[in-house]
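A lone chain, given as structure tokens: the form predicted on its own.
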């Protein structure tokens, strides 16, 4: 059996958690291949019960599904243990038989949060708008070859030395801006708790690559779960306004330790409109009443930070790009119900290139903001569609909207989400 991959097609927050939860009904394991505490995969499992998972694979919300965390992820040990405790309190214990973490996964030292906030302050008006969870500095230390990995917890004395070394290195680098007094004392205490939490996670460490190979060899199935979205990928996104880990389907191979021949279907997830958190270009942004209306109807506030998301019409140019980049087999469309009640809907289907742009370059960086989007206008629908489960029951204009998006991106839309609940989904043959 192959490994199917699920990835976001926008700037994250596409509703991947719900789609992973639905697809995990029929798999043996769900494997997170990138990101860390900056992710916020929200899943509603009942009328009054929902979870926001930052580290844990979403499949763990299904009792018989195994969770795997690959070496492409970065882990805040204390936060991960907290998530595990929340699930256990809800009757979903995460024991060693259900969770395996790659020994090569890097750990987020408490000083990385301080470093990230310090760096954002230094950037001033050019700040990235990060989640301040220490993710960027952790990936930076990984590639500077100074990082701390979960396997380091196997040698406690060495782990303690590395934790102190990281703290002192970054305090020195920050110079006069480094914490002092009670703030420094609190950071040293946090470093001690970081070490203890890392030691507690050691029981869950193992070879995720080998475990996936064993599952596949025995005829089992694995779903690879991505974090953030393609437009936040450091190689292919709107650089420098990107994250630290790989956000495309190709990252599943490196992040989990599997070869490309193991990949089966690639499922992309996109909203019926666009959102973005933090700074960076957003060609279809609506900084007006329409954008505010989308935000309030969609509850567009960050699951990780609580910040209001910037909202706008769906960008078909970027959607086509992300579908091609990920090699999507089909797409899941989320939050279609949010658009009920709009008299007219708009979808960007092309850009007017900035005169200084090279026709041979697709501008993905800061210069993207210079491009002018052109729109196709479609009729909206008045009917509330939340909770609908039948394609034929959707208003004709809602179906027309989905079909136009399908034509625009060039691959089928196989799932249409009409609400946050597990059952609020329309399945289509793809």
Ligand code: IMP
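Treat the numbers as computed from the prediction; the structure is a model and nothing was measured. Numbering follows the first chain given and starts at 1.
Note that the form predicted in complex with this ligand isn't included here; everything after this is about it.
- Taking the partner from elsewhere, residue 58 is found to have every heavy atom lying beyond 4.5 Å of this ligand in the predicted bound form.
- At least one heavy atom of residue 278 is located within 4.5 Å of this ligand in the predicted bound form.
- Not displayed here, this ligand is kept clear of residue 373 by more than 4.5 Å at the level of heavy atoms in the predicted bound form.
- Remark: residue 131 counts among the residues lining this ligand in the predicted bound form, judged by a heavy atom distance of 4.5 Å or less.
- Only one of the listed residues (307, 161, 293, 146) places a non-hydrogen atom within 4.5 angstroms of this ligand in the predicted bound form, and that residue is 307.
- Exactly one listed residue, out of 242, 339, 323, 263, brings a non-hydrogen atom to within 4.5 Å of this ligand in the predicted bound form: 242.
- Shown alone, this chain has one stretch from 121-129, 88-96, 149-157, 75-83 that lies within 4.5 Å of this ligand in the predicted bound form by heavy atoms: 121-129.
- If you take 1-15 and check each residue for a heavy atom within 4.5 Å of this ligand in the predicted bound form, you get 11, 12, 13, in sequence order.
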